[in-house]
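The chain below stands alone, shown as structure tokens; this is the form predicted on its own.
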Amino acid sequence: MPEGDRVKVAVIGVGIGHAHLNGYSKCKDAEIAAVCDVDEARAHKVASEFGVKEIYTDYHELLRRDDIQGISVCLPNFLHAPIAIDCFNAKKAVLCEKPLATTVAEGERMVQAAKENGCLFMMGFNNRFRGDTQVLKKFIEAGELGDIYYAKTGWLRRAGIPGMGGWFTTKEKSGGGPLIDLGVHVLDMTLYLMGNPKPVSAMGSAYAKFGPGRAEAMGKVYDVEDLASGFVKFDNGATVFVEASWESFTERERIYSELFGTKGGATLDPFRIFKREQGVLVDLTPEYPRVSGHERETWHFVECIREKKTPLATGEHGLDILKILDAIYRSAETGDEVKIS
């Protein structure tokens, strides 16, 4: 690509896609060529906000444009696989919102389609790009925590079931409840900090104590969990505990990750590092840039297209996370540990 040329990108789905558009609009190397949404009025409103001239309601028409190089797929979970695969077949780079897909089989087809078409495939794991995450990653890569052998992570809401009766609470369309909606974020962030070890097995439990009764009274669908937890083993001997809820009697909403290493430990959020220096225990509170993970994520996607780089969060990483979520859900159904291949 000639120096100075901007990467032309498009966004399919302007809900969470609004965050992608905001990031692209602030990227000097990106040009937002088009937006696409089945809700034409919403598409026009968002396009006007970001000064985008081309609007589509049918993504197939968008994919016929040869000038568009990268596409953000920002749609309900069940649409990720079919639309991302169509993008790959049209030779487009894809930034796909989490989770990868609703099933492992769908996720595998997405990764394969990207490979067969020689396309860049990046996952929308925006928490990898947060300022605190990036600073902690530097400490870890410098060996400050040693061998990270255990971690705990979670996203617990006291109240916040999304879209009751819509695709969020319908398993066929979402793939699950808070574990695949919220847990996917913190699990990915934690595994990224640990060096993306390969999962080998998982056990888990899932509970639906609040949503079903409320949905039934409203005449709506709710066939997912409202809290889930899991314990995951990895090929390097490390283990991770993960929990997620849309509704639970906890003190407040909490998003956290705790890492335990042989030379030190760390926590997000708040960001602190725990070590032993000069024979005494010390707590470090590093400064870090307050940056938007969504912004830095979209900038990285553009950079990867321009420079033909492998993205920080690949489709394969998304598939590993999806395999873990699938194993936890299956374990919750059977009560047994589930092997991950």
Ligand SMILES: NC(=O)c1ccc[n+]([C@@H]2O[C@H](COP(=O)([O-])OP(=O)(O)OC[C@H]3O[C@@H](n4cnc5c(N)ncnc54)[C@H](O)[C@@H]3O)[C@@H](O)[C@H]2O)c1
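Computed from a predicted model, the values in this text were never measured in an experiment. One rule holds for the numbers: they count along the sequence shown, beginning at 1.
Below, we turn to the form predicted together with the ligand, even though it does not appear here.
For the options H300, H294, R306, K275, the one in contact with the ligand in the predicted bound form, meaning a heavy atom within 4.5 Å, is H294.
Here is the short version: of E106, D86, D181, E258, the single residue with a heavy atom within 4.5 Å of the ligand in the predicted bound form is D181. Three-residue candidate spot I12, N77 and P99; every residue lies within 4.5 angstroms of the ligand in the predicted bound form by at least one non-hydrogen atom.
Contact with the ligand in the predicted bound form, judged as any non-hydrogen atom within 4.5 angstroms, is confined among 229 to 237, 163 to 171, 208 to 216, 192 to 200 to 163 to 171. The ligand in the predicted bound form is approached by V38, whose closest heavy atom lies within 4.5 angstroms of it. Proximity of G124 to the ligand in the predicted bound form: non-hydrogen atoms within 4.5 Å are present. Of the heavy atoms in I16, some are within 4.5 Å of the ligand in the predicted bound form. Looking at R65, you'd find every heavy atom of it more than 4.5 angstroms from the ligand in the predicted bound form.
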